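Single chain ahead, by itself, as structure tokens, in the form predicted alone.
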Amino acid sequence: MKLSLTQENLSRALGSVGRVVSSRSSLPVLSNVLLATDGNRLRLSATNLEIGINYWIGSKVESQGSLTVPARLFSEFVSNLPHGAIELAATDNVLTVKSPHYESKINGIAADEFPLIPTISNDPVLTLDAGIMKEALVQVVIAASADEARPVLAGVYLYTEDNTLFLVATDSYRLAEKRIELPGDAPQAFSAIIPARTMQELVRLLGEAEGDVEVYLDEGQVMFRIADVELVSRLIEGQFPNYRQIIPENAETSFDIETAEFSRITKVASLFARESAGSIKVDIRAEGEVSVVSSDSEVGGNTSKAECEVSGDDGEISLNARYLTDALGVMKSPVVTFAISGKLNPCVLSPAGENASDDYIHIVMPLRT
């Protein structure tokens, strides 16, 4: 294998594939990145056996070949090289890297020991603008569980109904649902639970992408294709909970408030709630005021207030401060509606204001105090 390419492109690709590399595997080759020529391009691949990624870079290829090299060493080395052309050559499982004033040899492992990353040859079940997909995932993935004891809650549930794509996640303490109206004819109906870690990686990739993302499904696996990048992942088996039954239909008390202001008073109150499991109380007054109250026997207490537009009667509810802060942090509208129906029922946050859409809801379960 012998080729040349730019330091900038190689460093960017290594930054993307390196996040998938397994750092604690008993198989040494899983700590490596695969370099393989593909026509006039170089393909970089990495996998941890749950997630795999292929990233193609335009190159000037003189001879074909492939080799795996330690991902961390190679990535850090390339990122410290000056911008400009880099030459790569592989002979007898040794990669030689040359650039002006630098020449290094990196010992690798034969490419045939690298696990095969599955490919899906079906037609895509969905094609969506990358920016829209990224925004939806950011709003939803934070509600997925980090505990894999219940695997279906450690994923994001994607499904279609008519011309609408739904993205849902819940850890049983909070729930986020995003709805995206799809243009044109109704797409092929599908449903899948995709690991949250895969979706977090997809968000990073979409942050660098323009154009569309294509979604491919096969038995037990999913693939996302964005330009010259493919992200492949296993699916989570199981039945996602019937989440719609916990969404309140009506509210006894609600208020509209500037998202930034509500976030500010919540964050201030949360500083005094660290020793009380993050518990805060949202106290709503019908005359047009909301208070976020926190107290701790050791550090003291805090009451933060803001004006708001209230509908209904007085009300109060106790919540986990981090869950409320997370929800406000991904709310895209400048004004948010906060709705409750008593102390023991879930609260609902949704976009508000003149130009707000009704395509997103975030539910937080109350704390029993």
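All residue numbers refer to positions in the sequence shown, first residue = 1. Just so it is clear, the model here is predicted, and its values are computed rather than measured.
Unshown form predicted in complex with another copy of the chain; subsequent notes refer to it.
Participant: Using a 4.5 Å heavy atom cut-off, which of 109-117, 131-139, 94-102, 167-175 contacts another copy of the chain in the predicted complex?
Facilitator: Result for this chain: 94-102.
Participant: Although another copy of the chain is absent from this view, report whether G342 comes within 4.5 Å of it in the predicted complex, heavy atoms only.
Facilitator: No, no contact at 4.5 Å.
Participant: So, V268 and another copy of the chain: in the predicted complex, are they within 4.5 Å at any heavy atom pair?
Facilitator: Yes.
Participant: According to a 4.5 angstroms non-hydrogen atom cut-off, is E76 in contact with another copy of the chain in the predicted complex?
Facilitator: Taking the distances in the predicted complex, the answer for E76 is yes, it comes within 4.5 Å of another copy of the chain.
Participant: When the contact criterion is heavy atoms within 4.5 Å, does V299 count as touching another copy of the chain in the predicted complex?
Facilitator: Yes, V299 is a contact residue.
Participant: Name the residue from R285, R225, R264, R234 that puts a heavy atom within 4.5 Å of another copy of the chain in the predicted complex.
Facilitator: When another copy of the chain is considered in the predicted complex, the option within 4.5 Å is R264.
Participant: Can you work out which of Q239, S191, N250, N80 has a heavy atom no more than 4.5 Å from another copy of the chain in the predicted complex?
Facilitator: Of Q239, S191, N250, N80, the residue with a heavy atom within 4.5 Å of another copy of the chain in the predicted complex is N80.
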